[in-house]
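Only one chain is shown below, in structure tokens, and it's the form predicted alone.
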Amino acid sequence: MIVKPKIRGFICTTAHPVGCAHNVQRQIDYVLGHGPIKDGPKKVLVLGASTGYGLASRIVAAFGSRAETVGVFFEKEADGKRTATAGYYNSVALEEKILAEGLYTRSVNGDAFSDEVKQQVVEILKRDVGPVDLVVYSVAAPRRVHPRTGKVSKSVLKPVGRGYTNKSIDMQNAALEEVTLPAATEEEIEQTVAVMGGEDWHYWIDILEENGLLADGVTTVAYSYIGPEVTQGVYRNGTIGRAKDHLERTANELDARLKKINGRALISVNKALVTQSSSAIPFIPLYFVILSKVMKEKGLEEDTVMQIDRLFRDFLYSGEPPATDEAGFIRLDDRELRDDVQAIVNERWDQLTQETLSGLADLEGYQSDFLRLFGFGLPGVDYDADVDVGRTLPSLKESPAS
């Protein structure tokens, strides 16, 4: 099949297996270029391991620390007429690279919210890996079926308390627009917290602890975002913000609990980046294209693997207790929120018109980063070549699912 990008809304409905492999290799090369992580983790479980920060976490653990890794994600395989999802191709490529290094790796493709997937992971860890010393929680999903009640919850992207209006951008035609979002109902807030909050993270730690699969000194980390004032109305003060509040409270609960085995639970507040999930949030892509241009001008820009590599080396495994803010969060958004960066972002935001947009924002960079998520636009890839889109995860070939 000759695979080209097909954009629908804020997602690309095709993915290129060779391009995804090149993107994975690019991230591996970055980690290897910074050398081994001294005293890094050796047995790692990554929940939400196929794209974005979760994928980068698995790459840094494997190639920076030579850790055994188990990754959990929910991705679609190719079906003959359609390509697999980018996350699936990412995971195939990463497993191939890890296995070539002689390291253990295993993937579970299923609903991380379900008890069935949790039990499957427990069985894999008991059989092959043993207690883990790092659990990364990077699950982002639009819906969740509660494993105990069966209730289906769907996350929404809305402000809380009152409607919100601001500038946004239609990235398909680079058109500046004004968008108004109505206030969320209490039910919508509750459902968003159920999907994107910390309950599932809590359930994962519960089942790992019950089965003796948390190593002494274990670290668990979840990823969050706060952002600047210009995004507060729809993000931090919105439904997603309520979910992040719950996630952060969960970290405090887990941290207190894990102290009995010398463990810790942490929140890493990361910077704004182009991801499949962030592309869906109104106003955020417009903020990002302005931010990206400013950070590139100042030599401060970081992508996902650069962020996570810094997280591991400078915070989680630096040999010292990780530096945190007054709330106890690791702040990888420190460069994004620098006063000099935000001053320029705010100035340019106020100057935005359709005529000034291309000069004030990094539209080309955003489009390039977005397509790269799906394996397109990577140097060295022949996008006119016929490629085999039917790939299988190597660990599932070698070891059937339990």
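Note that the structure is a prediction, hence the values are computed from the model and not measured. All residue numbers refer to positions in the sequence shown, first residue = 1.
The discussion below concerns the form predicted in complex with a small molecule, not included here.
Taken together, the three residues A49, F73 and L273 all lie with some non-hydrogen atom within 4.5 angstroms of the small molecule in the predicted bound form. From the list 109 to 117, 319 to 327, 254 to 262, 160 to 168, the contact stretch for the small molecule in the predicted bound form under a 4.5 Å heavy atom rule is 109 to 117. Heavy atoms of Y89 never reach within 4.5 Å of the small molecule in the predicted bound form, leaving it off the interface. Using a 4.5 angstroms threshold between heavy atoms, V139 counts as touching the small molecule in the predicted bound form.
Interface membership of Y225, defined by any non-hydrogen atom within 4.5 Å of the small molecule in the predicted bound form, is confirmed. With a 4.5 Å cutoff on heavy atoms, W349 does not count as touching the small molecule in the predicted bound form; it lies far away.
Site annotation in the predicted bound form: the residue of L134, M196, L291, L94 reaching within 4.5 Å of the small molecule with a heavy atom is M196.
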